[in-house]
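Have a look below at one chain only, the form predicted on its own, in C-alpha cells format.
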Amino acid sequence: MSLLEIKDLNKCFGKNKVLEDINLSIGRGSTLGIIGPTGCGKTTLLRIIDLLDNPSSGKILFNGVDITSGKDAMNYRRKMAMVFQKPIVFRGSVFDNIHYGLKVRGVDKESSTDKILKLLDSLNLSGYEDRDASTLSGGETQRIAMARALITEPDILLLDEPTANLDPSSTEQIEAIIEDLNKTKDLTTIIATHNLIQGQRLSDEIALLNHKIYQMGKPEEIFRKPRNKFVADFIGMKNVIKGEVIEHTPENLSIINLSGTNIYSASSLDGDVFVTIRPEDITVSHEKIEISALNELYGTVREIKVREIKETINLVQIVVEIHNSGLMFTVYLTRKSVIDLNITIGTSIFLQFKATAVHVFKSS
C-alpha cells in the first residue's frame, strides 16, 4: 500500500482552475519531485497535501485512510512537516526555533536537548543553538527550517522550492542534506521545484506539473521518452518535429513524413505525431552509408557552438539544415570528432540515426 495517494484532485479559486485531475501514489521512503514552471500549482498542491488548504474535489489517502474531510486533521498534520520557500523564524534562539514542534507536542527542552544538538550537527550547524535566529543568513535559515521540520520525525517531508532563494553554496548544502535524508532515513519526501536538474537529481520519480500532471515516472524515462509536447519542451528536448505517419512497413517500422522528408521509426502510432531524436543519438559522416533500419539525411551545417553538458564535459553542438526540407537538426559531437571531420559552418554532411532512436508521441 502507498503511504500517500491523491485521487482525482481538483482545486479552483473562483473560475480559475489551479489543479486539474491530479492522481499520485507515493510509497514510503521514496522521494517524489513535483516539477513545473512558476505558477503551475506546485505550492497549492503541497498545501493541500499538508491539509492547510482544502481541494475543490478529490481525495487524499494517508495509509489508505481518507483524510480529505478534515476529521482528525491535526493528528495527520503531525505526521507531516512542510518547509516553505521563504521560511520564517520565530523570535528567540536557534534551539527554541527547533524545539517549537516538540513544545506543542508537550516535550520539554531538557529531554530534547541531545536530539536537537545531534540534528544541528548533521546539518552543519553545530554550535548554533544559542544564536539569535533572526540574525542567520538565508542558507542558515533554510537549514533551521529543515531542522524544525525533521525534529518531529515526520512520515512525510514537504519541501517547497527549498533552494529557490539561495546562493550556489547554500543550495549545494541543502541538496546534500536532502540526498543524505533519502539514503539514511525511512522518510517520504515530496519536493516542489522549477529546477529540472535538481528535481531529476534528488528524486526517485518526478511528476511534470502544469495545473495537471503531464507525465510521471523515473527521471531517465521522462528525459528519454516524453509523452507530449509540453514535457518535451519543458525538459529542453532537441529535435522535436511535427510529422505524419504515412505508412507501416512489413518490418514493423513506421514511415513518418517531416515536411517532405521521410524517416523510419519503430513506433506503431498513426496520424499526426511529434517525433524527437536525441542529439547524442545522431552520428555524422561525409560518406553515404547503406544500413537497414538506419535513417540517413543530408544537410549543411548552419551553426556551431560549445555546449556545457556537465561541469567537466563540453560537447560541440552543431545545427544542420536538411536539404530540400528546411528542417533543422541539432547534433552533439565531441571536439575531436569536429576536428577529425573538419566540420565548419557551410560543411555538407550526412546524419544517421536508428529507427529505434526516433521517439514518437501523438500531436494532441
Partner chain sequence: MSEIINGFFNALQLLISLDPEVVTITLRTLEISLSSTLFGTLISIPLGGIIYFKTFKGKRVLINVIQTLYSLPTVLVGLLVFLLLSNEGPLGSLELLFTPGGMIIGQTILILPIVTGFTIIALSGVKDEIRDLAFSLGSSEFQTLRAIMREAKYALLGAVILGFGRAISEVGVAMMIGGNIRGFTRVITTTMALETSKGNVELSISLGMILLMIALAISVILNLIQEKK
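Positions refer to the first chain, counted from 1. Since this is a predicted model, take the numbers as computed values, not measurements.
Not pictured, yet referred to below: the form predicted in complex with its partner chain.
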Does at least one non-hydrogen atom of residue 52 fall within 4.5 angstroms of its partner chain in the predicted bound form? yes
With the partner left out of view, is residue 89 within 4.5 angstroms of its partner chain in the predicted bound form by any non-hydrogen atom? yes
In the predicted bound form, does residue 224 come within 4.5 Å of its partner chain, counting heavy atoms only? no
Residue 78 within 4.5 Å of its partner chain in the predicted bound form, heavy atoms: yes
Give me the residue from 185, 288, 105, 118 that has a heavy atom within 4.5 Å of its partner chain in the predicted bound form. 105
If we test each of 273, 213, 174, 82 for a heavy atom within 4.5 Å of its partner chain in the predicted bound form, the one that passes is 82
Given 162 to 170, 93 to 101, 227 to 235, 188 to 196, the stretch touching its partner chain in the predicted bound form at heavy atoms within 4.5 Å is 93 to 101
Can all three of 47, 74 and 148 be found with a heavy atom no more than 4.5 Å from its partner chain in the predicted bound form? yes
